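Below sits a lone chain in structure tokens, taken as the form predicted on its own.
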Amino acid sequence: MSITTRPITKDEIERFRERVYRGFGDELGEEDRDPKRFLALMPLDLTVAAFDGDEMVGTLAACDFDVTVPGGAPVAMTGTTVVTVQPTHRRQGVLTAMMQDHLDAVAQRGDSLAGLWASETGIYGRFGFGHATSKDDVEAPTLAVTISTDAEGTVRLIEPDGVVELLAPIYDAARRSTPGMLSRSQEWWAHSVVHDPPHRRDRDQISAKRFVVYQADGSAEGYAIYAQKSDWSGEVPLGQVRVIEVISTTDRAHTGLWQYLANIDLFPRIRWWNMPVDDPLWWKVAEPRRLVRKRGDALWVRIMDVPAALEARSYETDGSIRIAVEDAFRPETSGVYELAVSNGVGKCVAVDANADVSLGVDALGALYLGGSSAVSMAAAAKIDGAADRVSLLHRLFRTDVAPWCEEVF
């Protein structure tokens, strides 16, 4: 078997998408066959398809994002997505070949970061991606989401055609203060956030997306996106509110939105699959024990250019440390780097010297956005170094605000 890889052509979009859907055990809907949405989100030159002869046996594509890093700066990140290998060609080097092409292209573009959501956590560490943000899947009876503080503003429903104009400024304000959040183009808003194909809703037996905005003192300070799943299987209504996104720029907006979401008639249950791990709801509700939380991984980050990435973010502790980075998949990234932080600003250069700590590039990606513990990772043999140096590494990279990525891409 000889596997070849290359970007797809416009004529191959439908076949590519069919392979993607099949790889995830799904079917391409008729209204998803229009190539306009695909081209709006994924440039053809950033796709990679693997072929066994004329048969397309693997898929990979990329999206353009800026990701907020600690300190609030936006940094260019290639979003790696729709990675599949057909079941007939597993364990035959298809993914490795596609990932080599993909990361070479990322490096040529000059992006210092790549990121993805992992379908399986055991796959991507060997390609240098590290688990950088986490999420909480939270489910509760709405009676548990009782907040004693009265919200000062109002919540109103808005129609999909008014979503981008009203909600995008709120989102942009919030993402500047949260590491891990992604930029959203007009195309992304239209084709991902607002996009709501009926056949997907019918499959899950849920409503169309609902959009609400919180306003106070004449300004919009937050919004929520949710859907509803009816349940009349018992003597009383048992419906569930499925929260998709809650974004707020003020504490009162956060409170007001949750008061609304937890008081929708006929829907006594509520679930949010992607709550930030430091969301303040836990501290606001009357019965926090009844919020059942399941923690999982979210955004995985791969460092492509160590000095550029480490200098792009800010730091909440000053200090200097030499870090040996091992990158087996892209050896050119390996080396010893000295990070010197003064007044929160980091300078990073490659040096010919002994390292204070050693780690894989995947571990560096896990630390990068401030959501992982270097001390815990050292205890798991992911980082090697003296205890005081590991402690310094932890304090340098850790952030007060936990990173959060708002959506799967």
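Predicted, not measured: the structure shown is a model, and the values here were computed from it. For every residue, the number given is its place in the sequence shown, counted from 1.
The same protein has a further form, the form predicted in complex with a small molecule, not shown here; the description that follows concerns it.
Heavy atoms within 4.5 Å of the small molecule in the predicted bound form are found in exactly one of 394-402, 18-26, 381-389, 5-13, that being 18-26. Contact annotation: of the candidates R91, R289, R156, K294, the single residue with a non-hydrogen atom within 4.5 angstroms of the small molecule in the predicted bound form is R91. Proximity to the small molecule in the predicted bound form, defined as a heavy atom within 4.5 Å, holds among R126, R201, R109, R210 only for R126.
With a 4.5 Å cutoff on heavy atoms, W117 counts as touching the small molecule in the predicted bound form.
Taking the partner from the other structure, the small molecule in the predicted bound form has no heavy atom within 4.5 Å of any heavy atom of A262.
Although the partner is absent here, S185 is not a contact residue: none of its heavy atoms lies within 4.5 angstroms of the small molecule in the predicted bound form. Looking at S134, you'd find every heavy atom of it more than 4.5 angstroms from the small molecule in the predicted bound form.
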